[in-house]
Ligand SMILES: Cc1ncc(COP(=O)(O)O)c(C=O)c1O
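This document opens with one chain alone, in structure tokens, the form predicted on its own.
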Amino acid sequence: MRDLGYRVIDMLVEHARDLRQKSVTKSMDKASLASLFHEPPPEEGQDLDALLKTANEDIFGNVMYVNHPRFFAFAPGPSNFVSVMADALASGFNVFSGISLEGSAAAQIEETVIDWLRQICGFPHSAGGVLVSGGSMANLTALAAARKTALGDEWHNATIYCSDQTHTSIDRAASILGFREGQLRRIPSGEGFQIDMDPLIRTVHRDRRDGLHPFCVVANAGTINTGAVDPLPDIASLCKDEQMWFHIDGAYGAPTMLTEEGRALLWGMEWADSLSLDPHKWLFQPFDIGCVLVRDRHCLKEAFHVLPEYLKVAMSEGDGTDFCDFGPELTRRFRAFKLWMSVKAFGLDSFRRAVEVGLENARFAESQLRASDAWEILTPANLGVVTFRYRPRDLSETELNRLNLSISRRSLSNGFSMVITTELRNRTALRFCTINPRTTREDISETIRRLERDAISVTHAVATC
């Protein structure tokens, strides 16, 4: 066991040591992977050295490294080694954290971690929450609690409102919870990709006049596309006036509340009825760990509590929190331990400074792009995100879109960095998300230099065709 463990640790340390020199975008086509791995289950055991070699070369050598300092796509997962080791301990001890009787200390650690997040996000002492797999499950859990609290068993005419920039996990959650497609209203965003309050208010009032039941607004605390933050105080006021549930999707941006800049941008977040956030993004945890917070902790238990006969004794004997009552999972891994251990090891100020590095790196990327006439900034740096495109003269919008998509494909193929596109009002945009604190300014500058070189090459190839 020790020999295997030491070899695994060596693999992890060597990966961390060599990560900057590795291709960010290494992958293999499905047919080639199938030829490597598609086989009947072996009847006899195999040599561990050979298995580790296969894992290192063929499995972990054919994934994209979301913790790479030049992975700028989606929302990177920077991770940290203390939390990786904490996850190993939690798995090694095989802690069950669904019922406090089976994991009393685990339940208390989760309560502590949730209270830390409550304090960071400015929620009141009445608030509580639960750790889940990520933002999608957090949004689903929050909307389930909102539906039960505000609607009971009658939601056939209820309506939910969100921006056209809101993450599609809200669509999925609404569908899972039994809302029809037309019950989710997507409101146009304004110039800064924030929800436009006038159409939102008009739609709510019109729906109420039409006999519908407006019951929830989902606001963004940092969209994945541009880092946009909806006008949280205005939405909070509307929800109070109209007696609607106020949910904030802060899966991306909420942890920036650690910083003075984040608190200014996210003012009003503390008035939400529920909030989702992802510690595996800005709080640098390995996958997976998400969180949902609710202003009234009892809402979660009212939505999810069930008591089968085989748990009656177990749940009556323990005097701690049974987190299986706070979400959809009975079987739960000990997710809280890695966040607890890393905050204790590094201190909250280290996390704060790491978040500030991500915010500043986005501004640096924007300044580097503005220094060249070739690039157009589509949305300035906001919560660690900046969007841009290569824009030579005399090209139509359609040609510009094709060009920037080709630049992104070059980035994918060369492996130096991971920069892909998003769509902003029919414009294809390249996008930097700079939340990895190990990303250096040289990483950013060299990536931009290579993108510009690729752009010139693609433009020349198109011109000569």
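Keep in mind the model is a prediction, meaning the values are calculated, not measured. In case it trips you up, residue 1 is the first one in the sequence shown, and so on.
Only in words, not in the display: the form predicted together with the ligand, which the text now covers.
Visitor: Can you pick the stretch from 251-259, 363-371, 173-181, 376-384 whose heavy atoms fall within 4.5 Å of the ligand in the predicted complex?
Guide: Checking each option against the 4.5 Å cut-off leaves 251-259.
Visitor: If you check in the predicted complex, do 25, 70 and 78 all have a non-hydrogen atom within 4.5 Å of the ligand?
Guide: Not a single residue of the candidate spot has a heavy atom within 4.5 Å of the ligand in the predicted complex.
Visitor: Does any part of residue 335 reach within 4.5 Å of the ligand in the predicted complex? Heavy atoms only, please.
Guide: Residue 335: no, not in contact with the ligand in the predicted complex.
Visitor: Does at least one non-hydrogen atom of residue 100 fall within 4.5 angstroms of the ligand in the predicted complex?
Guide: Result no; residue 100 lies far from the ligand in the predicted complex.
Visitor: Looking at the partner-bound form in the predicted complex, is residue 226 within 4.5 Å of the ligand by any heavy atom?
Guide: Heavy-atom contact with the ligand at 4.5 Å: absent for residue 226.
Visitor: Looking in the predicted complex, any heavy atom of residue 139 within 4.5 Å of the ligand?
Guide: Flag for residue 139 set to yes.
Visitor: I need to confirm a contact call. Of 231, 214, 134, 128, which residue comes within 4.5 Å of the ligand in the predicted complex, counting heavy atoms only?
Guide: Contact check passes for 134.
Visitor: If you apply a 4.5 angstroms heavy atom cut-off, which residues in 159-180 are near the ligand in the predicted complex?
Guide: Read in sequence order, the residues that approach the ligand (within 4.5 Å, in the predicted complex) are 167, 169.
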